[in-house]
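Presented below, as structure tokens, is a lone chain in the form predicted alone.
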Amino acid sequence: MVVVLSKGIKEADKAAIRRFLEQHGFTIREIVGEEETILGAVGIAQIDLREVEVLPGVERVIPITKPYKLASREFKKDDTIVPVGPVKVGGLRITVIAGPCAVESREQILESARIVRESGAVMLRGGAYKPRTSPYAFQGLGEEGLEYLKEAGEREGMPVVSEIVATEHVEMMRDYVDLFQIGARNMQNFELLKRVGAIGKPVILKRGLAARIEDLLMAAEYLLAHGTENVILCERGIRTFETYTRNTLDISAIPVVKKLSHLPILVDPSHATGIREKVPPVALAAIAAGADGLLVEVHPDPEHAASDGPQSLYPDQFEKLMRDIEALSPVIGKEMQHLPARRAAGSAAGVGSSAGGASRGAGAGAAGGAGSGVAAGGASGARVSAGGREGAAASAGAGVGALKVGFQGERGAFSEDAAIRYFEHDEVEAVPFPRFRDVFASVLDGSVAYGVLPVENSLAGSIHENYDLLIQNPDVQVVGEKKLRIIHNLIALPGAKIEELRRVYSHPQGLAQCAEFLSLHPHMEQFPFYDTAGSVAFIAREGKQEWAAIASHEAARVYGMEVLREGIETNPRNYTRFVVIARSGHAEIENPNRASLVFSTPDKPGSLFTCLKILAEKNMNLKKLESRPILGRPWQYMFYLDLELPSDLSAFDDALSRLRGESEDLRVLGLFRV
């Protein structure tokens, strides 16, 4: 049963409820959510639910009807996110685990780890004990293979996963692996499930060759019931009459499991197909169907692999697959998960710009954390890593609470979503502000460590106010960027019906971007509001059944509202680009690949062309060009540019040096990675 506790329950009442349930033979799991706290009570005992409902501090009791209790969505309505070292599996992330089928040698697994890490995988897989159909096939290197696997993972900063095949290996393997894998053949090896569950480490559980979805969830129940709270399911294909592929991938299992269980689910396209060329399209289909990630076999030399060579991807195939997943992710509203960037040995330096250009200050960060600075009021970078935002918490007072990040709007705004997604490796406290300039002010006075601001929408164009604020605040620097797909939803009070709605509130752009949908419902009068999420908060406060709002799915959740229609935007190719800002000299950036700068030009023919020609000659790709009027100087303009930087940053140094001679008021707003 699920016991929902009253808000503000006294600790003594909670303890009394626990004692009552335990005395009746139940095992208790407490789950603290944003909206409510519950006690999950499981066991074989029978009890009249009314006896629990009358206990002080109990709001309501919900029976769990499924045979799998702890794994069911009834037990926990929010998705479970499984932490494995720096990696979190589930939620809005797409997690890719990759490596060879088997560890064959130290050199092979070290090379495999390097390959998959560089392509973007976040965990390393490799079998040390291989259950094979033939007793004469390669069975793995055993503990020696685990030693090599652990070394490779530590070298590349990746958690490692390996399959366990026998109960006697549990204690030995626990110190080698970060994540146990229980293979298809052992899915119903209940003694093994009990032993592994009792260890408490996270576990990947693969679906058996002929197992129903309920069988898989019941196997997960064994793991959960015996101690571990972190189980990741894996669909790897089942046996059917079809023989062309190794197995038949049951892709429908992904949305079915998502409905029945709160546990994350991965897909293993390698074992599902058994054919190298079929792995990428099946992998992409799995992601599109809602899988939380992939388990992919990659080998440096598949033709000479000791096992499963025909289904192992070549390194270049895996790299392309990762790029394709990156492109697909925003379409389905998810993020590719990245590891924190590895810092170059012996260097804490970032990239700033000095009077002579962009200098890489050796040891500048170690000396004072400020970097080398930027001429004329510019900004050095923040140590926000490539893809991983490494050290963000450290530079903002980690260890004393969550990282404070400011955004404009109400809770549930798209800007808040962008902030949480950008700082994916940190515990974030997103702080709302009514105006964009308030976000800048709070970054400058230290109230928040970072700010996240929208600067451009793919349909509506630039958000000029924020470009102006970037130009007007020389003590703020750009340290990062995030692109987010904007999905609009029609939101109203629970129980409302579309045909009974009479008003709809949203930001003017939200209303404009949903014009086609709204034209089909002329009975809804449109009312512009200052913020999409704020419009949801407003109709929630007003409590009128005939009013609706257009905003994000998260805004509906935050304010306890109901989504009546999802994805009502006219054009699904609706993306917003956000920039992340920090105080100048906040910290440093390593290996930047983008730069933002502003300058004005002399009033003479061809002056802008001359400046842009300098950048072109240095092979720097122009990603954005925006002109803004200069306050107090009619008919004169500042030009805002985003540049793609070459790997050799000396070209940027040279370009800056030449630009200073051809432009006016040149300032580097920031160097960062995307």
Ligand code: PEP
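So that there is no doubt, residue numbering starts at 1 and follows the sequence shown. Since we're looking at a predicted model, the values are computed, not measured.
In what follows, reference is made to the form predicted in complex with the named molecule, a form of this protein that is not presented.
Here is the short version: of Lys201, Lys278, Arg411, Arg185, the single residue with a heavy atom within 4.5 Å of the named molecule in the model of the complex is Arg185. Of the residues Pro131, Pro474, Pro434, Pro330, just one reaches the named molecule in the model of the complex with a heavy atom at 4.5 Å or closer; this is Pro131.
Considering the named molecule in the model of the complex, the lone stretch of 177-185, 566-574, 106-114, 151-159 in range is 177-185 [heavy atom distance within 4.5 Å].
The closest heavy atom approach of Cys101 to the named molecule in the model of the complex falls within 4.5 Å. Within this chain, Glu297 lines the site of the named molecule in the model of the complex, having a heavy atom no more than 4.5 Å away.
At least one heavy atom of Lys206 is located within 4.5 Å of the named molecule in the model of the complex.
Contact check for Arg125: a heavy atom falls within 4.5 Å of the named molecule in the model of the complex. For the three residues Glu163, Arg236 and His271, a heavy atom within 4.5 Å of the named molecule turns up in the model of the complex in every case.
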